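Just one chain follows, in the form predicted on its own, and it is written as structure tokens.
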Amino acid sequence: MVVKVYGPAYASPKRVIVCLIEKQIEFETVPVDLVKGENKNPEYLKLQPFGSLPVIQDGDFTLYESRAIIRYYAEKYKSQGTTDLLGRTVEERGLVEQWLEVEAHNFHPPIYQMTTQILFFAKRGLPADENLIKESEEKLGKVLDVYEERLSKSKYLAGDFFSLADLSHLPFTQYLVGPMEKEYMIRDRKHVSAWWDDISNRLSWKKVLELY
């Protein structure tokens, strides 16, 4: 059964797609246009009652929330594709989970605010809140300073192996260095810069950018 992923044009679904490619899982995508409000259609709300992206359908099984989905596939297909996405030991798993939480609660909120203000407001012809952008950039900078310290001691966030913790950062950081034109936030930090070059050059992520 081929996995269906809804909303491939957006960042959070890309988090799922890159995981599926790493795990060598077949999938197909279903477009959902947020600008047209297709995420609020009754049929979509039956799958995701909050109207967010992504959703996956895996046979009769439906799951939403991108980080829950990538954990699910890393566990379900543990020995397939890239095998260490959750870590090999209980301790490594703990560190992967820790940095996934850091990404969700420390890294994501400010970068999401910046993405919304700089990219999506512009698409809708709405004025951006420059103060909010500046405040979010300062918050993100402090988070990246913590990453710089961590990555001075290990190649990846959870240790010396690529994991879900690193993978989860790919879509929104791509916005930061690309269309948001704030690559200096990565490049000004030597170890964060080396880490980004490593993870963003993985074949799985290059495939996602090529496809979507």
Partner chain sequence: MVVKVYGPAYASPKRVIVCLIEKQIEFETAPVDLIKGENRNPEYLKLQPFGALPVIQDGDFTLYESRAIIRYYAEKYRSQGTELLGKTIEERGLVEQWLEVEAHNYHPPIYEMTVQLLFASKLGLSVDEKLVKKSEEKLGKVLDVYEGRLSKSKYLAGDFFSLADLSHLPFTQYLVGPMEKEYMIRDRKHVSAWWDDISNRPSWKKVLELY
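Residue numbers count along the first chain shown, from 1. Everything numeric here is computed off the predicted structure, so don't read it as measured data.
The protein also exists as the form predicted together with its partner chain; that form is not presented, and the subsequent description refers to it.
Interface residue remark: K182 is not counted as part of the site for its partner chain in the model of the complex, having no heavy atom within 4.5 Å.
Contact annotation: Q98 falls within 4.5 Å of its partner chain in the model of the complex, judged by heavy atom distances. Not displayed here, its partner chain is approached by L63 to within 4.5 Å at the level of heavy atoms in the model of the complex. Its partner chain in the model of the complex is not approached by T116, whose heavy atoms all lie more than 4.5 angstroms from it.
The contact with its partner chain in the model of the complex, taken as any heavy atom within 4.5 Å, belongs to Y147 out of F161, F172, Y147, Y44. Checked against its partner chain in the model of the complex, the candidates L176, L151, V32, V143 yield a single residue with a heavy atom inside 4.5 Å, and that residue is V143.
Proximity of P49, A68 and Y72 to its partner chain in the model of the complex is complete: all three residues have a non-hydrogen atom within 4.5 angstroms.
Counting a residue when any of its non-hydrogen atoms is within 4.5 Å of its partner chain in the model of the complex, the hits in 92-108 run R93, G94, L95, E97, Q98, W99, E101, V102, A104, H105, N106.
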